[in-house]
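First, one chain by itself: the form predicted on its own, in structure tokens.
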Amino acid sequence: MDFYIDYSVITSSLGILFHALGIDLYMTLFSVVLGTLIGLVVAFALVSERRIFRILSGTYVAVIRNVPLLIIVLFIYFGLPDAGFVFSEIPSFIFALTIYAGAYVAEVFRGGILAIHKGVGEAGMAIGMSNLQIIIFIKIPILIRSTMPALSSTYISIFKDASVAAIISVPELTFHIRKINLETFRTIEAWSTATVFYVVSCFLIAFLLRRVERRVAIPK
């Protein structure tokens, strides 16, 4: 049988594929926002003077960073229902990806916190600010600005990790591409299309994040 390329199976499904990509972006956005908040809290716990905070936060980061995202997703989707916690596919995956993102973002922020000169905190205390005020109004703004390049790489990786959602039948891009492949046997067409979708999406996300980086960058 002669080999030929036929992208008609793709063009007829473009509407579905763009909608599926939208689901990837939706899950990523939620996970990034929630994961960043978790990462901030955990990062400050990692450098806390209280040993119990360091132990708890360090354990969370060590465990999550050494467990594949797929295992976390399967545990939450199939394991938690046995304990009475039932979530549908998309909330389950957002929960898993948020926990996963939080650990990686925490490490980025931890490095940023350690790079902040201790004189910054001392200056805040000198004008009567509490530790919480110093963290919120001085350290976090500096932290966000100094770690934005590293955060951008982490956020793009989290977007690509959203493809793991296909394993629990979330109707996102990889799920539909795999479905097209199985139904039409157009393997090259299906997965080359997925490649284009992800590459273009990552370039656009990187472009937007670089603009944010330039806006918040610390003046030299």
Partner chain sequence: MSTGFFNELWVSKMMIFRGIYMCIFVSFTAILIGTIIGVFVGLALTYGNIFTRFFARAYVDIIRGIPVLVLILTIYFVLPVIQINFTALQAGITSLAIFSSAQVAEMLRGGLQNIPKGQTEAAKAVGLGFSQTFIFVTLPQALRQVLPTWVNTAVETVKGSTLISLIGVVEITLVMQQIIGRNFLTMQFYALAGLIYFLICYSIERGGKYVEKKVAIK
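Bear in mind the structure is a predicted one, so any value in this text is a computation, not a measurement. Numbering follows the first chain given and starts at 1.
Beyond what is shown, the protein has a form predicted together with the partner chain; the following relates to that form.
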### Query
If you check in the model of the complex, is residue 169 within 4.5 Å of the partner chain, heavy atoms only?
no
### Query
Going by a heavy atom distance of 4.5 Å, is residue 115 a contact of the partner chain in the model of the complex?
no
### Message
residue 205 versus the partner chain, in the model of the complex: is there a non-hydrogen atom within 4.5 Å?
### Response
no
### Query
Are any of the heavy atoms in residue 75 no more than 4.5 Å from a heavy atom of the partner chain in the model of the complex?
yes
### Query
Which residue, 29, 37, 67, 56, has a heavy atom that falls within 4.5 Å of the partner chain in the model of the complex?
67
### Query
Is every one of 9, 21 and 91 within 4.5 Å of the partner chain in the model of the complex, counting heavy atoms?
no
### Query
Taking the partner chain in the model of the complex, which residues of 98 to 121 have any heavy atom within 4.5 Å of it?
100, 104
